[in-house]
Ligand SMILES: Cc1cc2nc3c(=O)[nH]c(=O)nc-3n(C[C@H](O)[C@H](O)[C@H](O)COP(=O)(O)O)c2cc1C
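Only one chain is given next, in structure tokens, and it is the form predicted on its own.
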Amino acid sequence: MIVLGLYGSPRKGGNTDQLLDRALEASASEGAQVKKIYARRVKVAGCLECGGCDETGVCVQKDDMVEIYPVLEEAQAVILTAPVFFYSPPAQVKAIIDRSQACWAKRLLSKSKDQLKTYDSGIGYLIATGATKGKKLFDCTKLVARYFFDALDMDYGGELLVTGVEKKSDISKIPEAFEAALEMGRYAAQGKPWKSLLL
């Protein structure tokens, strides 16, 4: 079992980093092979919307996504983290998500319409944090995550959403968030859907 942690924050060691570290520790303790991608460390251009991947399922751009695509493809579980910026994921990880259009194109080329209703590549989970407590704070980020996992041919396995955190130290005041991340990581290692939790 390969569990991939996709670190979406541009800030090293921030709230989502800390939660994902904990989740992946739990996955590893369950025997999963853990891999990590830090969106802030890679150079990924935005999608050109050129249609180049429509016929082949392969993106025409040659940047760090060339190395990221195989990791996305081999993972049986993906845990995506995203601190909410203007009600959506940060630009660094959004570029990776947008470039997953090639994964969607590949899925369309390899599956019939009926087969598209099933998810055969695994399961994806979301960890998101936000500074405010607005009712719609996570709506856009959740939709982006769902369709990202859809492009990867993965089912949506649940989410951990934490409000009221902004400074790096804020998450340390919410021990239940770390407990939830551990539980999510264990479920990911087993390829099981988790739950939706808002703290």
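These numbers were taken from a predicted model, which means no experiment stands behind them. Numbering starts at 1 and follows the sequence shown.
Just so you know, the form predicted in complex with the ligand exists too; it's not on screen, but the next bit is about it.
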Exercise for review: Find out whether any non-hydrogen atom of Leu152 is located within 4.5 angstroms of the ligand in the predicted bound form, and reply yes or no.
Suggested key: no
Point to revise | Proximity of Ser172 to the ligand in the predicted bound form, heavy atoms at 4.5 Å | key: no
Check your understanding: Would Thr132 count as touching the ligand in the predicted bound form under a 4.5 Å heavy atom rule?
Key -> yes
Check your understanding: Any chance Glu166 has a heavy atom within 4.5 Å of the ligand in the predicted bound form?
Key -> yes
Revision key, fill the gap. The listed residue (Ala102, Ile123, Ile97, Val84) that reaches within 4.5 Å of the ligand in the predicted bound form by any heavy atom is Val84
Exercise for review: Report the stretch among 22 to 30, 65 to 73, 132 to 140, 51 to 59 that approaches the ligand in the predicted bound form to within 4.5 Å, counting heavy atoms only.
Suggested key: 132 to 140
Practice item. Select from 3 to 22 the residues with a non-hydrogen atom within 4.5 Å of the ligand in the predicted bound form and write them out in sequence order. Key: Ser9, Arg11, Gly14, Asn15, Thr16, Asp17
